[in-house]
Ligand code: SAM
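A single chain comes next, written as structure tokens; it is the form predicted alone.
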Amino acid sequence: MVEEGSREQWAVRAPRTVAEAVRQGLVQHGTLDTSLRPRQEEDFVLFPVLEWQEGTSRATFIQLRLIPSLPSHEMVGGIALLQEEDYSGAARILAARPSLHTALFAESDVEGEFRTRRFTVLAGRPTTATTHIEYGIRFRIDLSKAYFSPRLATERQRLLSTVISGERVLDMFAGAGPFALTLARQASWVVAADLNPAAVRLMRENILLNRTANVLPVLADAACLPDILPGRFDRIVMNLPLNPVPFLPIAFNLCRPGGLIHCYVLVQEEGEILEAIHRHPVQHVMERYIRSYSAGRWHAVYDITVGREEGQDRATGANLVP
């Protein structure tokens, strides 16, 4: 039972040794519920967060003093993204959050072959560019030129935790490089491709900014990658949620047997693209919901272990010629 003066909320559980780093990350991503007081539980600290994330659970927290409510928004670096075209609300957000310099409203969904959105400046500096810090990695972002979602930060860390030292990784739709630079911390080599020239320019800046030596930026249509890249990869990231299915044959072509493909997609029902996945050699596939995207739509990832095609060499994955 929730006591008077307390409230139940989603909670991130962090070991006390890394609690401050986790808290700073939640603040940076705009997901920490500042109306509730974090609490200790044995060797862990529980932080209240505004919405469900992978690994969260429900917990009871003490309600802090009431503060004037702010419009719903998401933070990317120094930019607040509002869900409504609310000029006065945008001004209140900038006044309440000194670290922010701009408040934007997205006029459009992600659109076009370059995956960009159009924005209206509601308050602050007239810019769509900022620097965003995610788990110690600095990203120069321009939201009008390249798609970027801070809500995938936890997902990027999940993938990083599964990467084995020495892996060769391909990011087929890399954007400004958030998956590529994250996985480069453990992989031996990451090829990061994108069709959008502005995104690749930002990615190159981020590679230099973070002094990352094992990421190769490639300006290319994903459909052309088999003709450009030598060999096969141990892991492939397909972060193209609107319509990744046409590119599945390319990913299976470029992934070695036993390797992993992480296919991100917006779905309306469970198992929505399983039929398309099973047209290819599959050893195992797991569907995971990451977050709610809109009414009736979920952002999901399919973790696919690639199987071996009939007539393929067991050691190398190469096709055997009679």
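Numbers for residues come from their place in the sequence shown, where the first is 1. Source: prediction; values computed, not measured.
Quick note: we don't show the form predicted in complex with S-adenosylmethionine (SAM), though the next part is all about it.
- For residue 85, no non-hydrogen atom is located within 4.5 Å of S-adenosylmethionine (SAM) in the predicted bound form, even though that partner is not displayed.
- Proximity of residue 148 to S-adenosylmethionine (SAM) in the predicted bound form falls within the 4.5 Å heavy atom cutoff.
- Put simply, residue 170 is far from S-adenosylmethionine (SAM) in the predicted bound form: not one heavy atom of it is within 4.5 Å.
- Taking the partner from elsewhere, residue 189 is found to have every heavy atom lying beyond 4.5 Å of S-adenosylmethionine (SAM) in the predicted bound form.
- Partner contact region in the predicted bound form: 152-160, out of 203-211, 90-98, 75-83, 152-160, criterion any non-hydrogen atom within 4.5 Å of S-adenosylmethionine (SAM).
- Residue-level contacts in the predicted bound form: of 220, 245, 133, 121, one residue has a heavy atom within 4.5 Å of S-adenosylmethionine (SAM), and it is 220.
- None of 115, 140, 232, 235 but one reaches within 4.5 angstroms of S-adenosylmethionine (SAM) in the predicted bound form through a heavy atom, and that residue is 115.
- Shown without its partner, the chain has 171, 172, 173, 174, 175, 178, 179 in segment 166-189 as residues with a non-hydrogen atom within 4.5 angstroms of S-adenosylmethionine (SAM) in the predicted bound form.
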